[in-house]
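A single chain, nothing else alongside it, follows as structure tokens in the form predicted on its own.
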Amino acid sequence: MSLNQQIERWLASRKKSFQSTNRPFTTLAYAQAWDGSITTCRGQAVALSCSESGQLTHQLRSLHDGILVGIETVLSDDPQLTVREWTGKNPQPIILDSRLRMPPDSKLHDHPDKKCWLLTLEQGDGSESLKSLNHEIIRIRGHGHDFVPLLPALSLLREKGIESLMVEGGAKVITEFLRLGLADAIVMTMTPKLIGGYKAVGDIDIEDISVAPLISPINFEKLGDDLIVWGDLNYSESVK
């Protein structure tokens, strides 16, 4: 069985056994260097994955109902968030954008078959330049915070039919999903480079290492030049 088949079967099994009806099953999927860096510096786009790993990323996109990134990823990478190197349906593109900073010339405004969903704050200012573009602005109450709260955002996504969600980044988004214990699985591409840059995971408020999120059972296999690590994410009761 190929690596792609292994991961697809594992993911299908995990989604089938997922119990919560209040939020989507969520997979963190991103590439990093062996030192944990996802880029040389914040805001800088860096291509880390080999071609085979890139295909796996597109396969993973096809296996989820939605794909979510933060606005910083859009500003630095200008991603399409579509399935191009694999056969399958495009997931629903979803952006966390608390201040509606989505560029009017973003590639996401030209998505081939879906309106991009912009999750923003209820009290945030509207953007006249965005209102005529191909997207849907969804406002969520921030409860005094300046960022889109994940729990109500995920609940809303589930109500809108997103049962499985792939989270590609950036670092702030990955960190928040881990801090709140809202990511259920992880597929990490590790490229054999040491770049000493901006890390994928920041402060998740862990003082005792025994309660840190644990990948278990853990699986790993070489794909092209990269190492793919995947498994279930487990949290202590204090996180949950």
Ligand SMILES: NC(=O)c1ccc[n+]([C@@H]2O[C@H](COP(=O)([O-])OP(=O)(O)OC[C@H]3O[C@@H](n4cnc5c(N)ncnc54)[C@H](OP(=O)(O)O)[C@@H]3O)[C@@H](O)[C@H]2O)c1
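Just so you know, these numbers come straight off a predicted model, no measurement behind them. In case it trips you up, residue 1 is the first one in the sequence shown, and so on.
This protein has a second form, the form predicted in complex with the named molecule, left out of what is shown; the following refers to that one.
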#### Entry: Heavy atom of Q92 within 4.5 Å of the named molecule in the predicted bound form
no
### Query
Quick one: does T39 come within 4.5 Å of the named molecule in the predicted bound form, counting heavy atoms only?
yes
### Task
Answer with yes or no whether S106 is in contact with the named molecule in the predicted bound form, where contact means some heavy atom within 4.5 Å.
no
### Message
So in the predicted bound form, is the named molecule close enough to I206 to count as touching (4.5 Å, heavy atoms)?
### Response
no
## Note on the structure
The one residue among L165, V148, L118, L154 placing a heavy atom within 4.5 Å of the named molecule in the predicted bound form is V148
### Summary
Of 84-92, 140-148, 154-162, 107-115, the segment with heavy atoms within 4.5 Å of the named molecule in the predicted bound form is residues 140-148
### Task
Could you list which residues of 77-91 come within 4.5 Å of the named molecule in the predicted bound form, counting heavy atoms only?
D77
